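First comes one chain, alone, set out as structure tokens in the form predicted on its own.
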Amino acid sequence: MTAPKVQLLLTGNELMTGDIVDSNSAMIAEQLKELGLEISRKVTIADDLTLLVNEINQLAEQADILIINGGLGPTVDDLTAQALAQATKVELTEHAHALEHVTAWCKKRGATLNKPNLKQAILPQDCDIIANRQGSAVGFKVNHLNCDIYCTPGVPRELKTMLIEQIKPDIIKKIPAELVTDVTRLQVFGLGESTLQKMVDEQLPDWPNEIDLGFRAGMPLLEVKLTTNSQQAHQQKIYWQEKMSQLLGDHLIAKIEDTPLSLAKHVLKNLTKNNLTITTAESCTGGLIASMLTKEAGASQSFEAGFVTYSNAMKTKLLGVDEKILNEHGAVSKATVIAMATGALAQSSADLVIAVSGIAGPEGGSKEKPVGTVWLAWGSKDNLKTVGLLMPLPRSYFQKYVASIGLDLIRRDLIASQESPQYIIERLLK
């Protein structure tokens, strides 16, 4: 038994001139790797019909699977559909499902359905549609020279969704069961790669070689991957995944089923589940927590209001923070974030709050309160908690991490966590 041979064709003048940096091929390779597949050949060419037709024919002769990326848009230099029709010797026709999609896409945005839009519904006859729930151009699939050819959009987020939700499940059917790679992906917050590796080494020293353990650092979430390449190892992984989950504790956000959810989305889901609402009072994060929440669709169901009170005067005017508290304790203090949180709850009808005030730097610190000092308050009116942390990080990283910590602390409350997260153990103010 051998795995299907995969090749990749990227098209676009912008790729050839360097106006666009190719990140899509890395994304495709990463997604295929989770199936145990590797790209044996990658070709990048300009928007030239003759070149496209020739390359499609050559690559299809040598591969079981060919992924074409780019050239599905509405402009004259988007030639993938035309090239596939010529290569497969079929007519270009108006595809009913593609027309329905682009019509709905335009209507949703209040745009006029024009001739360039309609071009995206003209596809090779009898091709199979690959839905695109984010963009105007559908993808499509044809079989040519016993090679399955998947045509995908060049927009990275559209491509990724299409790969995860449709193309990968279709490709899995072509892989012999004995060769199927199984990947379990876990979202983690509050543990770094080195810390987690140390925990594994010390607490799971007999981790089996048959289960490949990998880490992918991100901001704010770390991804832990458990990969197996045989049926026996797949069964063995069930036990070790449970061991890993116990090791991670409440640092484990979720198992990734399809597209990873953001930390804010997990918070919103738990708020909705518990029929609760939230407000924010931010200083050093400048509204980032509110932004992370409202970036998610449906946030209005759970998010009441956000207050960005950067100056002391606005802390007093908008949130009612007593000037005496600010004078005696300073803006970055336990007393101030409690007052900010209490004020935000009073000004809104929310059930829960996150309040934060800190010194993001690079200036503004002192011996008593160095750069990286931050106080957070979170919870409800009757159960408000606080913590002071020292996080001497670059300004933008500090803001993102502090905002994420605020969300994680609320998440932990919503799941009734009794654990102390690693970032409090390591960063607690002395």
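Position 1 is the first residue in the sequence shown; the rest follow in order. Keep in mind the model is a prediction, meaning the values are calculated, not measured.
There is another form of this protein, the form predicted in complex with another copy of the chain, and it is not shown here; the text below is about that form.
Residue 216 belongs to the set of residues with a heavy atom inside 4.5 Å of another copy of the chain in the predicted complex. Heavy atoms of residue 220 never reach within 4.5 Å of another copy of the chain in the predicted complex, leaving it off the interface. The closest non-hydrogen atom of residue 225 lies within 4.5 Å of another copy of the chain in the predicted complex. At least one heavy atom of residue 306 is located within 4.5 Å of another copy of the chain in the predicted complex.
With the partner removed from view, the residue among 51, 393, 384, 390 that has a non-hydrogen atom within 4.5 Å of another copy of the chain in the predicted complex turns out to be 51. This chain lacks the partner; the member of 184, 348, 88, 132 within 4.5 angstroms of another copy of the chain in the predicted complex by a non-hydrogen atom is 348.
The candidate spot formed by 288, 294 and 317 is fully in contact with another copy of the chain in the predicted complex: every one of the three has a heavy atom within 4.5 Å. With another copy of the chain left out of view, the stretch that reaches within 4.5 Å of it through heavy atoms in the predicted complex is, among 245-253, 91-99, 150-158, 334-342, 150-158. Residues of 40-64 placing a heavy atom within 4.5 Å of another copy of the chain in the predicted complex, in sequence order: 40, 41, 42, 43, 44, 45, 46, 51, 55, 58. Note: the CA-CA distance for residue 213 and residue 39 contracts in the predicted complex relative to this form, by 3 angstroms or more. Annotation: residue 213/residue 40 CA-CA distance shorter in the predicted complex than in the displayed model, change of at least 3 Å.
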